[in-house]
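Just the one chain here, laid out as C-alpha coordinates, in the form predicted alone.
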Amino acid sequence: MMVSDRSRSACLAVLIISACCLVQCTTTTGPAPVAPLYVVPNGFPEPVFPADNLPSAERIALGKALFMSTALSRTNTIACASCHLEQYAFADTATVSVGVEGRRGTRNAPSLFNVAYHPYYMREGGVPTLEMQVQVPIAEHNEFDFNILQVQARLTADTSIVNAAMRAYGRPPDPFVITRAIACFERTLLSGSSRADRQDLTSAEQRGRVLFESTRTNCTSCHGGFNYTTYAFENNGLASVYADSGRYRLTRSTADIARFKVPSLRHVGVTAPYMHDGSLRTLRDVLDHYNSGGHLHPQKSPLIRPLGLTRQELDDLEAYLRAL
(Lines give C-alpha, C1' and ligand atoms only; values in the text may rest on other atoms or scores of the structure.)
Protein backbone atom coordinates (compact mmCIF):
# COMPACT_ATOMS: atom_id res chain seq x y z
CA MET A 1 0.00 0.00 0.00
CA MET A 2 1.34 3.43 -0.95
CA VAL A 3 1.78 5.94 1.94
CA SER A 4 1.43 9.62 1.11
CA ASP A 5 4.02 12.21 2.20
CA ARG A 6 1.41 13.78 4.47
CA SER A 7 0.68 10.42 6.18
CA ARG A 8 4.42 9.70 6.48
CA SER A 9 4.96 13.10 8.17
CA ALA A 10 2.08 12.49 10.57
CA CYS A 11 3.49 9.07 11.57
CA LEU A 12 6.94 10.58 12.10
CA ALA A 13 5.46 13.29 14.34
CA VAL A 14 3.66 10.68 16.46
CA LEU A 15 6.89 8.69 16.83
CA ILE A 16 8.84 11.78 17.93
CA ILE A 17 6.16 12.76 20.47
CA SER A 18 6.04 9.18 21.84
CA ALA A 19 9.82 9.06 22.16
CA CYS A 20 9.84 12.39 24.02
CA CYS A 21 7.15 11.17 26.39
CA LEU A 22 9.10 7.95 26.99
CA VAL A 23 12.29 9.87 27.81
CA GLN A 24 10.39 12.27 30.08
CA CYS A 25 8.62 9.47 31.95
CA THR A 26 11.86 7.55 32.39
CA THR A 27 13.68 10.62 33.73
CA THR A 28 10.98 11.78 36.11
CA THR A 29 9.55 8.56 37.49
CA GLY A 30 12.66 6.37 37.96
CA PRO A 31 12.97 4.01 40.91
CA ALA A 32 11.35 5.22 44.14
CA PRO A 33 13.83 6.62 46.68
CA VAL A 34 14.73 4.19 49.46
CA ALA A 35 13.76 5.41 52.93
CA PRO A 36 16.70 5.53 55.37
CA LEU A 37 16.80 2.89 58.09
CA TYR A 38 17.08 5.63 60.72
CA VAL A 39 17.67 9.38 60.83
CA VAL A 40 20.60 10.83 62.79
CA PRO A 41 19.60 14.21 64.29
CA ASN A 42 21.71 17.26 63.47
CA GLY A 43 24.71 17.51 65.75
CA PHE A 44 24.60 13.83 66.72
CA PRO A 45 27.38 11.38 65.86
CA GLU A 46 26.59 8.31 63.78
CA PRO A 47 25.53 5.48 66.12
CA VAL A 48 27.88 2.51 66.21
CA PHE A 49 26.40 -0.91 65.43
CA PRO A 50 28.34 -4.10 66.32
CA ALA A 51 29.89 -5.93 63.36
CA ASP A 52 27.63 -8.95 63.98
CA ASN A 53 24.49 -6.80 64.19
CA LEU A 54 24.62 -4.26 61.39
CA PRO A 55 21.20 -2.74 60.70
CA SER A 56 18.87 -3.79 57.91
CA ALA A 57 15.17 -3.20 57.33
CA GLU A 58 14.48 -6.85 58.12
CA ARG A 59 16.40 -6.79 61.41
CA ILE A 60 14.81 -3.57 62.60
CA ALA A 61 11.31 -4.83 61.71
CA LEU A 62 11.90 -8.11 63.56
CA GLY A 63 13.28 -6.25 66.57
CA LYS A 64 10.26 -3.97 66.69
CA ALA A 65 7.91 -6.97 66.49
CA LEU A 66 9.72 -8.66 69.39
CA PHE A 67 9.79 -5.40 71.36
CA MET A 68 6.00 -5.29 71.08
CA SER A 69 5.50 -9.01 71.73
CA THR A 70 4.19 -10.40 75.04
CA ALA A 71 5.69 -13.78 74.09
CA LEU A 72 8.88 -12.77 75.89
CA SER A 73 7.17 -12.96 79.31
CA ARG A 74 6.28 -16.18 81.14
CA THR A 75 2.57 -15.37 81.35
CA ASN A 76 2.46 -13.96 77.80
CA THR A 77 1.11 -10.68 79.19
CA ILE A 78 4.05 -8.23 79.37
CA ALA A 79 6.16 -6.80 76.53
CA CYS A 80 9.09 -4.40 76.41
CA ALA A 81 6.57 -1.87 75.11
CA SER A 82 4.44 -2.33 78.24
CA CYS A 83 6.97 -0.36 80.30
CA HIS A 84 8.59 1.72 77.56
CA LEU A 85 5.73 3.71 76.07
CA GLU A 86 6.44 5.47 72.79
CA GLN A 87 4.23 8.47 73.60
CA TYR A 88 6.30 9.08 76.75
CA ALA A 89 9.70 8.89 75.04
CA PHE A 90 9.80 5.12 75.60
CA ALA A 91 9.65 5.60 79.40
CA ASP A 92 6.92 4.59 81.85
CA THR A 93 4.39 6.76 83.68
CA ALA A 94 4.40 4.49 86.74
CA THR A 95 6.73 5.02 89.68
CA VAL A 96 8.05 1.52 89.05
CA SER A 97 6.81 -0.76 86.29
CA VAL A 98 4.53 -3.72 86.89
CA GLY A 99 5.63 -7.13 85.63
CA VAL A 100 4.01 -10.56 85.43
CA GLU A 101 1.29 -11.36 87.96
CA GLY A 102 1.24 -7.71 89.07
CA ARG A 103 4.74 -7.82 90.56
CA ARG A 104 6.22 -4.38 91.09
CA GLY A 105 9.75 -3.63 90.02
CA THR A 106 12.25 -1.69 92.12
CA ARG A 107 13.38 0.99 89.66
CA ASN A 108 11.75 3.53 87.38
CA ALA A 109 11.89 2.62 83.68
CA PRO A 110 14.10 5.15 81.84
CA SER A 111 13.58 6.53 78.34
CA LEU A 112 15.05 4.43 75.53
CA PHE A 113 15.66 7.34 73.19
CA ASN A 114 19.32 7.55 72.14
CA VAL A 115 20.36 4.39 74.03
CA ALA A 116 22.56 3.66 71.02
CA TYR A 117 25.04 6.16 72.49
CA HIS A 118 25.17 4.81 76.03
CA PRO A 119 28.52 3.24 77.00
CA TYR A 120 26.83 0.82 79.43
CA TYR A 121 23.34 -0.03 80.68
CA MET A 122 21.29 -0.38 83.86
CA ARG A 123 21.33 2.20 86.65
CA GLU A 124 24.60 0.80 88.03
CA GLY A 125 26.20 0.40 84.60
CA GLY A 126 26.77 -3.34 84.95
CA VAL A 127 25.70 -4.38 81.43
CA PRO A 128 28.12 -3.45 78.62
CA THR A 129 25.91 -3.90 75.52
CA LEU A 130 22.30 -3.54 74.44
CA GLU A 131 22.33 -7.16 73.26
CA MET A 132 23.15 -8.31 76.80
CA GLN A 133 20.66 -5.89 78.36
CA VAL A 134 17.78 -7.54 76.47
CA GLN A 135 18.17 -10.64 78.64
CA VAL A 136 17.84 -8.73 81.93
CA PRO A 137 14.06 -8.07 81.91
CA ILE A 138 13.41 -11.54 80.47
CA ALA A 139 15.08 -13.25 83.43
CA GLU A 140 14.09 -10.72 86.12
CA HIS A 141 11.57 -12.21 88.58
CA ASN A 142 9.56 -8.98 88.85
CA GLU A 143 9.50 -8.35 85.11
CA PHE A 144 9.14 -11.17 82.54
CA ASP A 145 10.17 -14.03 84.87
CA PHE A 146 11.14 -16.24 81.95
CA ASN A 147 14.11 -17.95 80.35
CA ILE A 148 15.38 -16.97 76.92
CA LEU A 149 15.46 -20.63 75.83
CA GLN A 150 11.78 -20.87 76.71
CA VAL A 151 11.21 -17.69 74.72
CA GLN A 152 12.96 -19.37 71.79
CA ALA A 153 10.69 -22.43 72.04
CA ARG A 154 7.60 -20.20 72.08
CA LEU A 155 8.73 -18.07 69.14
CA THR A 156 9.71 -21.13 67.08
CA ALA A 157 6.03 -22.09 67.04
CA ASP A 158 5.20 -18.77 65.35
CA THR A 159 5.71 -19.20 61.60
CA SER A 160 5.71 -15.47 60.90
CA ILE A 161 8.47 -14.84 63.46
CA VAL A 162 10.51 -17.78 62.18
CA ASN A 163 10.27 -16.48 58.61
CA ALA A 164 11.17 -12.96 59.73
CA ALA A 165 14.18 -14.28 61.66
CA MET A 166 15.40 -16.22 58.62
CA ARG A 167 15.12 -13.12 56.46
CA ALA A 168 16.89 -10.97 59.03
CA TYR A 169 19.66 -13.25 60.32
CA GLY A 170 19.48 -16.43 58.26
CA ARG A 171 18.62 -18.52 61.31
CA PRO A 172 15.57 -19.24 63.49
CA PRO A 173 14.64 -17.08 66.51
CA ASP A 174 17.29 -18.37 68.92
CA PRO A 175 18.87 -16.27 71.73
CA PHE A 176 21.37 -14.77 69.26
CA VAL A 177 18.56 -13.53 67.01
CA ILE A 178 16.23 -12.42 69.83
CA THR A 179 18.82 -10.26 71.61
CA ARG A 180 20.31 -8.80 68.45
CA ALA A 181 17.02 -7.97 66.75
CA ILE A 182 15.66 -6.05 69.75
CA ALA A 183 18.99 -4.26 70.25
CA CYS A 184 19.10 -3.38 66.54
CA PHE A 185 15.63 -1.83 66.75
CA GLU A 186 16.47 0.08 69.96
CA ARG A 187 19.58 1.62 68.35
CA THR A 188 17.31 3.30 65.80
CA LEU A 189 15.34 5.13 68.52
CA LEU A 190 17.11 8.43 67.94
CA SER A 191 15.68 11.76 69.02
CA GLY A 192 17.06 15.27 68.67
CA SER A 193 16.29 18.46 66.77
CA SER A 194 14.28 19.85 69.68
CA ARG A 195 13.42 23.51 69.92
CA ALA A 196 16.43 23.88 72.19
CA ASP A 197 18.64 22.36 69.49
CA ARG A 198 17.16 24.72 66.91
CA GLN A 199 17.56 27.75 69.20
CA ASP A 200 13.82 28.30 68.82
CA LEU A 201 13.24 29.43 72.40
CA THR A 202 10.91 31.87 74.12
CA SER A 203 12.42 34.57 76.31
CA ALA A 204 11.66 32.52 79.44
CA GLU A 205 13.26 29.41 77.92
CA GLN A 206 16.30 31.42 76.89
CA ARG A 207 16.70 32.71 80.45
CA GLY A 208 16.38 29.12 81.64
CA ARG A 209 19.09 28.03 79.22
CA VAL A 210 21.46 30.67 80.58
CA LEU A 211 20.79 29.39 84.10
CA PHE A 212 21.22 25.74 83.00
CA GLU A 213 24.63 26.48 81.49
CA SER A 214 25.81 28.76 84.30
CA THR A 215 28.33 28.02 87.05
CA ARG A 216 25.61 29.02 89.46
CA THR A 217 23.67 25.80 88.81
CA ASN A 218 26.41 23.61 87.28
CA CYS A 219 23.72 21.55 85.51
CA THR A 220 26.01 20.83 82.56
CA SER A 221 28.61 19.23 84.82
CA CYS A 222 26.39 16.14 84.84
CA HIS A 223 23.98 16.85 81.99
CA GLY A 224 26.34 18.04 79.27
CA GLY A 225 26.87 16.99 75.67
CA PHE A 226 24.43 16.37 72.84
CA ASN A 227 22.50 13.82 74.92
CA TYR A 228 22.48 15.92 78.09
CA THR A 229 24.33 13.35 80.20
CA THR A 230 27.93 12.47 81.03
CA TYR A 231 26.88 8.86 81.83
CA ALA A 232 28.81 9.22 85.09
CA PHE A 233 27.67 7.70 88.39
CA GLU A 234 26.60 10.18 91.02
CA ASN A 235 24.70 10.51 94.29
CA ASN A 236 22.42 13.55 94.15
CA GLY A 237 21.31 13.60 97.77
CA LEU A 238 17.87 12.19 97.02
CA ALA A 239 17.75 10.64 100.50
CA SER A 240 19.84 10.11 103.60
CA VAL A 241 19.24 6.35 103.46
CA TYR A 242 18.65 4.45 100.21
CA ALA A 243 16.76 1.19 99.83
CA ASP A 244 18.65 0.66 96.55
CA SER A 245 22.44 0.50 96.93
CA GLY A 246 23.01 1.57 93.31
CA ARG A 247 26.44 0.98 91.80
CA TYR A 248 27.57 -0.71 95.01
CA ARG A 249 25.63 -3.78 93.82
CA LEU A 250 28.18 -4.10 91.04
CA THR A 251 31.47 -2.89 92.54
CA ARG A 252 31.02 -3.64 96.26
CA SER A 253 32.94 -0.45 96.90
CA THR A 254 31.53 1.72 99.71
CA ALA A 255 32.36 4.77 97.60
CA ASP A 256 29.65 3.61 95.16
CA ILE A 257 26.81 3.23 97.65
CA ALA A 258 23.67 4.90 96.26
CA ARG A 259 25.42 6.20 93.15
CA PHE A 260 23.46 5.88 89.90
CA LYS A 261 24.08 6.57 86.23
CA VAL A 262 23.22 10.14 85.28
CA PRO A 263 20.17 10.03 82.95
CA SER A 264 19.70 11.98 79.75
CA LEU A 265 17.45 15.04 80.01
CA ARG A 266 16.08 14.77 76.48
CA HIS A 267 12.26 14.62 76.60
CA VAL A 268 12.47 15.16 80.37
CA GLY A 269 9.15 17.02 80.21
CA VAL A 270 7.26 13.79 79.43
CA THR A 271 9.20 11.14 81.36
CA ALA A 272 7.74 11.71 84.85
CA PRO A 273 8.03 10.39 87.50
CA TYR A 274 11.74 10.98 88.09
CA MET A 275 14.82 9.54 89.80
CA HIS A 276 15.91 5.91 89.91
CA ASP A 277 12.93 5.02 92.11
CA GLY A 278 10.34 7.35 90.57
CA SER A 279 9.96 9.12 93.91
CA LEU A 280 9.72 12.67 92.48
CA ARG A 281 6.41 13.04 90.67
CA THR A 282 6.88 16.28 88.75
CA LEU A 283 9.65 18.19 87.03
CA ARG A 284 9.11 21.01 89.54
CA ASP A 285 9.70 18.51 92.37
CA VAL A 286 13.06 17.72 90.77
CA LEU A 287 14.02 21.38 90.52
CA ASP A 288 12.93 22.03 94.11
CA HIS A 289 15.10 19.11 95.22
CA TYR A 290 18.21 20.51 93.55
CA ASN A 291 17.42 24.04 94.67
CA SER A 292 17.30 22.84 98.30
CA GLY A 293 20.67 21.12 98.07
CA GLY A 294 19.26 17.66 98.77
CA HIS A 295 19.74 15.42 101.80
CA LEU A 296 22.99 14.64 103.57
CA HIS A 297 24.68 11.46 102.39
CA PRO A 298 28.36 10.38 102.58
CA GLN A 299 28.53 9.90 98.80
CA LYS A 300 26.58 13.00 97.79
CA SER A 301 28.26 14.89 94.94
CA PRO A 302 29.86 18.20 96.04
CA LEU A 303 28.01 19.79 93.10
CA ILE A 304 24.72 19.29 94.95
CA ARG A 305 24.30 22.34 97.17
CA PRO A 306 21.59 24.93 97.85
CA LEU A 307 21.17 27.10 94.75
CA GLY A 308 18.98 29.90 96.02
CA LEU A 309 16.96 30.16 92.81
CA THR A 310 13.88 32.38 92.91
CA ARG A 311 10.45 31.17 91.84
CA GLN A 312 10.84 33.05 88.53
CA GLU A 313 14.21 31.42 87.92
CA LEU A 314 12.76 28.00 88.65
CA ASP A 315 9.93 28.74 86.20
CA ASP A 316 12.48 29.72 83.54
CA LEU A 317 14.63 26.66 84.16
CA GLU A 318 11.60 24.37 83.95
CA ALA A 319 10.53 26.05 80.71
CA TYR A 320 13.94 25.39 79.17
CA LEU A 321 13.96 21.76 80.24
CA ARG A 322 10.59 21.26 78.60
CA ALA A 323 12.08 22.59 75.37
CA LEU A 324 14.47 19.62 75.26
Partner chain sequence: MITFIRSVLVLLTIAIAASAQENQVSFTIQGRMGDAPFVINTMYRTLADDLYLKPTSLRYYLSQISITHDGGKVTPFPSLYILVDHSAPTSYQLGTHPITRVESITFHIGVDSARNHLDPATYAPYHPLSPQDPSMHWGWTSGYKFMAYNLLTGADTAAMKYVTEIHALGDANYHRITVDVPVDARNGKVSIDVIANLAELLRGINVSKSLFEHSDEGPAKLMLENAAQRVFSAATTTSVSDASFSEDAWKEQGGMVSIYDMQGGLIRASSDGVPSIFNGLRAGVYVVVRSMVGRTPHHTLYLHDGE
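Quick caveat, the model's predicted, so the values are computed rather than measured. Residue numbers count along the first chain shown, from 1.
Although not depicted, the form predicted in complex with the partner chain is the subject of the following passage.
Proximity of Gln135 to the partner chain in the model of the complex falls within the 4.5 Å heavy atom cutoff.
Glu140 belongs to the set of residues with a heavy atom inside 4.5 Å of the partner chain in the model of the complex. Heavy atoms of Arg249 reach within 4.5 Å of the partner chain in the model of the complex, making it an interface residue.
In the model of the complex, the partner chain lies within 4.5 Å of some heavy atom of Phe176. This chain is displayed alone, yet in the model of the complex one of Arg180, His84, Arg187, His118 has a heavy atom within 4.5 Å of the partner chain; that residue is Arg180.
Residue in contact with the partner chain in the model of the complex (any heavy atom within 4.5 Å), chosen from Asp92, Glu234, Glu205, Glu131: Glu131. Heavy atoms within 4.5 Å of the partner chain in the model of the complex belong, among the stretches 160-168, 123-131, 187-195, 76-84, to residues of 123-131.
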